[in-house]
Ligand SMILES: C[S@@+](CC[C@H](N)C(=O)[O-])C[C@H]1O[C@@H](n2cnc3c(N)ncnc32)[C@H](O)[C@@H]1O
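What follows is a single chain, given as structure tokens, in the form predicted alone.
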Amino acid sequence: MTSNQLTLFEVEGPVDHSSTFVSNMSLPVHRWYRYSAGFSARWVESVISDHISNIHETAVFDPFAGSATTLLAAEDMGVRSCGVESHPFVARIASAKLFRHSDPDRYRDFANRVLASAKRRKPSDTEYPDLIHRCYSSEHLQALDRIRTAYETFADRSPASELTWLTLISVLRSTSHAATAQWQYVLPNKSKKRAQHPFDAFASATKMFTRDMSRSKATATPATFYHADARNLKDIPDNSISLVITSPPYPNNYDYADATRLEMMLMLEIGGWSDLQGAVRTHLVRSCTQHTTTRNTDLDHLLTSGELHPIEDEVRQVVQSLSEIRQSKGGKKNYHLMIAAYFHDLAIVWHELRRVCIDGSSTCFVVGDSAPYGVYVPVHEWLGRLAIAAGFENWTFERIRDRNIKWKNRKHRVPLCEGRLWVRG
């Protein structure tokens, strides 16, 4: 145990699902868009409740806000909060959700006007990417096209308009016959038994949104949200945060950009997979090999940077192992670059958090360890040490569930876990 590490402990009892988004799908507003990388809103509320006496005039903060789970929970508890999200498409989803306290009648009228216009329209001559044709029947794609073009006719960036945009986004999976993988990757070669008709799905979603908005109580402490990067918290004042609740990307090669490819392509924000690099990945913490190539990642610079100095020797060993192993693998994935870039980026995040957090603050990172090509990466330990180097006082790790323990179809047999990294100071 290092001098700044407190005792590691485990949660006993039933399997803990607080680190997953599943339970949110039964909660008003949270259920408007399923964000697989999220965590439980009820758990967030419990953490805020445990720390509420220390919050006072400072705020709860989420530097990887995703679809706004932390911010919505803080609003429900009447606590000041702020958050940033760098994924442009997900940030717009979060912003739309935070309009839940706007006029539900105005939203309903706007959405119904869009749907009525869509039903009167003829399909446009828009040429959609091949993936879209593989994921929708001709009938459903024509209907979605009519809703999209109708929306664009009325769109004005008002709360009602943004909520209507989210209404359309929220039905794009249920109206497709293509299956969806666990992490929201679309599977066009696998079909679902049933796909909703877009007009019916949009009307049902409008009713749900209206109902949830009507039940949302106005708050005196609305969340502040920025489309911004956790590595540059210029919009967050010094010493303004007392509690951080977040889940940063895991270094496990999950491509957050690809998870929204279907939606972004149907909305014509990108034309194909290759467009994700400029449209999304360049804005994100580098946690996948698609983001880290030899052309855009200077490994020597990363390994000799001051940011990685506290864990440089260990990172070098892992990077060297991955660099050698990849030569024997068919894909030759750049895990060695990803690991160096990921911890470099997270080190910068810790320095930004140290500036905005008050002395005595508490930070909770929901994190998972990693083993690319079977090489174990002690994520929570390295992140804890980077936090100490940034000026925080100590860290503990709360193990909540095991991962990668069912070996069937796994590429390695290294047991992994998920848990909560608590950082104090």
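Heads up: residue numbers just count along the shown sequence, starting at 1. None of these values were measured; they are calculated from a predicted model.
One more form of this protein exists, namely the form predicted together with this ligand; it is left out here, but the text below deals with it.
None of the heavy atoms of residue 82 is located within 4.5 Å of this ligand in the predicted bound form.
Not displayed here, this ligand is kept clear of residue 372 by more than 4.5 Å at the level of heavy atoms in the predicted bound form. Contact check for residue 341: no non-hydrogen atom falls within 4.5 Å of this ligand in the predicted bound form. In the predicted bound form, residue 261 stays away from this ligand, with no heavy atom inside 4.5 Å. Across the options 47-55, 354-362, 384-392, 33-41, residues that bring heavy atoms within 4.5 Å of this ligand in the predicted bound form belong to 33-41. Screening 312, 162, 145, 229 for any heavy atom within 4.5 Å of this ligand in the predicted bound form leaves a single hit, 229. Distance criterion of 4.5 Å from any heavy atom to this ligand in the predicted bound form singles out 285 from the list 243, 236, 285, 114. Along 85-102, these residues reach a heavy atom to within 4.5 Å of this ligand in the predicted bound form: 85, 86, 87, 90.
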